[in-house]
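First comes one chain, alone, set out as structure tokens in the form predicted on its own.
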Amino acid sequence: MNATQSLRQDVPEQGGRRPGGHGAAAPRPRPGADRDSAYWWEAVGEGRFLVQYCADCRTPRFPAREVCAVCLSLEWEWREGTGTGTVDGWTVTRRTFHPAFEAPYTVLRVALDDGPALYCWGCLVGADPDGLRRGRPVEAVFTDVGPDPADGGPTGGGAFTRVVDWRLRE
């Protein structure tokens, strides 16, 4: 039996938590920034929701990409986004696949209000998924996922990194 199999056996008995029930069994996975998304992740760390726009045809695009799908321009700019949208789809995970996520948890696909065909994914926070329906309005919330392990120590000692999650709005 390898370490992954052993971990999977332990987590369901603990409900995705450390023995004794205190805290997540592991740090939440941290997003990986690439060349196109690095600036966006930096803004999320500051609590800002940005949307990339083509500098030539002004078409919004999300997630960030190097080339505009409309005019093939290689030029872009970042603008403040609304940080709002509507639920386009969701999944409720009832089994712990990673020890940082206590099951059940809900992941939303959000249609952003910033333009057509712009989608962002994130966890539903502060609500039960039973009341979800397509078209339900949501707003972005910035969730600290813990210090960067590269900053030192077993779980890191530097600044917190954030991800975008979603909460229902009326």
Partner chain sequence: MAGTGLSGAAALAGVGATPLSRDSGVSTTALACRAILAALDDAGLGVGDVDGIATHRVGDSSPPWVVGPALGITDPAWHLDQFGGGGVSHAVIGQAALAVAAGVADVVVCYRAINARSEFRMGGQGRAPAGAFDLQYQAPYGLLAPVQHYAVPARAHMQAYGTTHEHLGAIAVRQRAHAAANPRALKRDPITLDDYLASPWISEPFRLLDCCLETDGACALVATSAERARDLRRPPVDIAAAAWAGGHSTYSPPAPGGLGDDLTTSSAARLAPRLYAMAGLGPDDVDVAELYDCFTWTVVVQLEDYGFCRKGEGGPFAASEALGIGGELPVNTHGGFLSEGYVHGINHVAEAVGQLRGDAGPRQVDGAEVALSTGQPGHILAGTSALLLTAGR
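Just so it is clear, the structure is predicted and the values come from calculations on it, not from any experiment. Residue numbers count along the first chain shown, from 1.
Keep in mind that the form predicted in complex with the partner chain is missing from the display, and what follows is about it.
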Exercise. Going by a heavy atom distance of 4.5 Å, is residue 55 a contact of the partner chain in the predicted complex?
Worked result: no
Problem set entry | residue 79: touches the partner chain in the predicted complex, heavy atom cutoff 4.5 angstroms | no
For this session: Would you check, heavy atoms only and a 4.5 Å threshold, whether residue 34 touches the partner chain in the predicted complex?
Result: yes
Problem set entry | is_contact(residue 73, the partner chain) in the predicted complex, heavy atom dist at most 4.5 Å | no
Seminar exercise, completed: Applying a 4.5 angstroms cut-off on non-hydrogen atoms, the residues of 74-95 near the partner chain in the predicted complex are 88, 89, 90, 91, 92, 93, 94, 95
